[in-house]
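The chain below stands alone, shown as structure tokens; this is the form predicted alone.
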Amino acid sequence: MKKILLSFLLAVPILGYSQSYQVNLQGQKQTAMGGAGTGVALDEAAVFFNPGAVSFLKKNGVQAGGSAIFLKAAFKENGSNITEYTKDKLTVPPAAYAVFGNPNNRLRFGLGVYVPFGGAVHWDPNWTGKYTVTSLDLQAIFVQPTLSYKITDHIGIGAGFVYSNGKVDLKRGIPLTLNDGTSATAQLKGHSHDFGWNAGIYVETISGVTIGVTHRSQVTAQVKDGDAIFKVPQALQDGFPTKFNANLPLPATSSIGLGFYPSSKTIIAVDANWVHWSKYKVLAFDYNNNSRIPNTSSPRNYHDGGAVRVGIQNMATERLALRLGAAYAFTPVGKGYVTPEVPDANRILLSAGLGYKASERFSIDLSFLYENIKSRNETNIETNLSGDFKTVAYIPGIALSYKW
């Protein structure tokens, strides 16, 4: 039984909203423009997109918002005519920023609170892959104080220290039967507190094109003494662990972006992102009681992923801005490693949005993002779960901002 239990505890998580469990919803203007924002100084969200561009913002300001993620994943086992779907689960990652300091000075300050990694997937407790996962909730909230400095009138640099507050809650079935006839279950819950950094440079060229280059460091989420909750037959309870330790890499991202300004009313932003997923080789769990379950080390063998993004903003009137965007993201999940937690594949992103300036100080921005993750037929090398995965996401968002 020990060997059987091990096979069901090897694989773990996670479904995000960009690549694997990465989330790219840190600013409504940028989301509406395909997620591009590294090479332009649009608003306070530059704290995330390029700290070097913060010193080029013409006004101080605060903004707060969120994006409502409606995600639906489907699985059809090979040889079956039945398609199973995830439950409806609304997730709203927030994002808030503040930029302050004298706009006429070279030094500016910023603060950002955002969610760059997360995921939520909830299958029926008795679905085909219940021994792989039945539900997962993951979220890493980053808090980033930032300094931005204009070296010259046309070059700015910036950097921010990152504090990450993470949580994970994973549930799955295990191949034992309880006295009431239902399947035994395992739940792993824990929190992490970790650190990283975000830095960037922003350049205005003599041609009028702006250039941004950024790097966000890897943060390794370390769960220590997380709760391992096993609902198993009473006679077996004493042999199961109650605590676990685990590490999950939240990978570094390097980006380069360009800004073009064909008229005083129009901005075109182009980004390329490189996500260092290849650091994610193994997912390991250490338990405090190995009587029935040994420590596990599960290979992931991700490769680096990337994305190209383009967006446009046009001021239709003095108060109304219209935005469109598109992107294509390349999955880091290789053949044989796709799981119900990460039914990842290459994906197409289409977005639109608008901004309305209600007054000189107050404005509202809306965005809508559609993600189409390509269907993928895979057989997982550990669980042998084999079939077609297909996922789509619909993500409306809103942000309110105040400037002075």
Partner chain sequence: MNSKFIFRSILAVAVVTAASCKPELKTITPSKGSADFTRYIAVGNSLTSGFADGGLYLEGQQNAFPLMIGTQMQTVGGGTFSMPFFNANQADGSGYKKLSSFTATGDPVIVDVPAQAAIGTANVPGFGTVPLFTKYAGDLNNYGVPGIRLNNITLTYYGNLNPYFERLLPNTSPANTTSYLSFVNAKPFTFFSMWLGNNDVLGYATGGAAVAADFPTDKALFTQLYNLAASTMIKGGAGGTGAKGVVATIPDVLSTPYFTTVTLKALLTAVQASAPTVQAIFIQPGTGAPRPATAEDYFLLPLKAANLIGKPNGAGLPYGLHPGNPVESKYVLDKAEAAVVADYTNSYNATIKSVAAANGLALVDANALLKVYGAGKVVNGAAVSGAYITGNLFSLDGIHLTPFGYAIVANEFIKSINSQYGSSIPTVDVTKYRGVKFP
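Positions refer to the first chain, counted from 1. What you see is a predicted model; the values in this text were computed from it and never measured.
Below: the form predicted in complex with the partner chain, not depicted.
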| query | Pick from R300, K150, H215, K76: which has a non-hydrogen atom within 4.5 Å of the partner chain in the predicted bound form? | reply | K76
| task | Select from the listed residues N245, N165, N314, Q187 the one whose heavy atoms reach within 4.5 Å of the partner chain in the predicted bound form. | result | N314
| field | Non-hydrogen atom within 4.5 Å of the partner chain in the predicted bound form for each of K89, D169 and G336 | value | no
| task | Answer with yes or no whether E84 is in contact with the partner chain in the predicted bound form, where contact means some heavy atom within 4.5 Å. | result | yes
| message | Under a 4.5 Å heavy atom criterion, is S359 part of the interface with the partner chain in the predicted bound form? | response | no
| Though only this chain appears here, would P233 touch the partner chain in the predicted bound form if you measure heavy atom gaps against 4.5 Å? | yes
| message | in the predicted bound form, does R323 come within 4.5 Å of the partner chain, counting heavy atoms only? | response | yes
| query | With the partner removed from view, which of 350-358, 61-69, 23-31, 40-48 is the stretch that lies within 4.5 Å of the partner chain in the predicted bound form, judged by heavy atom distances? | reply | 350-358
| remark: Residues in 171-210 that come within 4.5 Å of the partner chain in the predicted bound form by at least one heavy atom, in order, are P175, L176, T177, L178, N179, G181
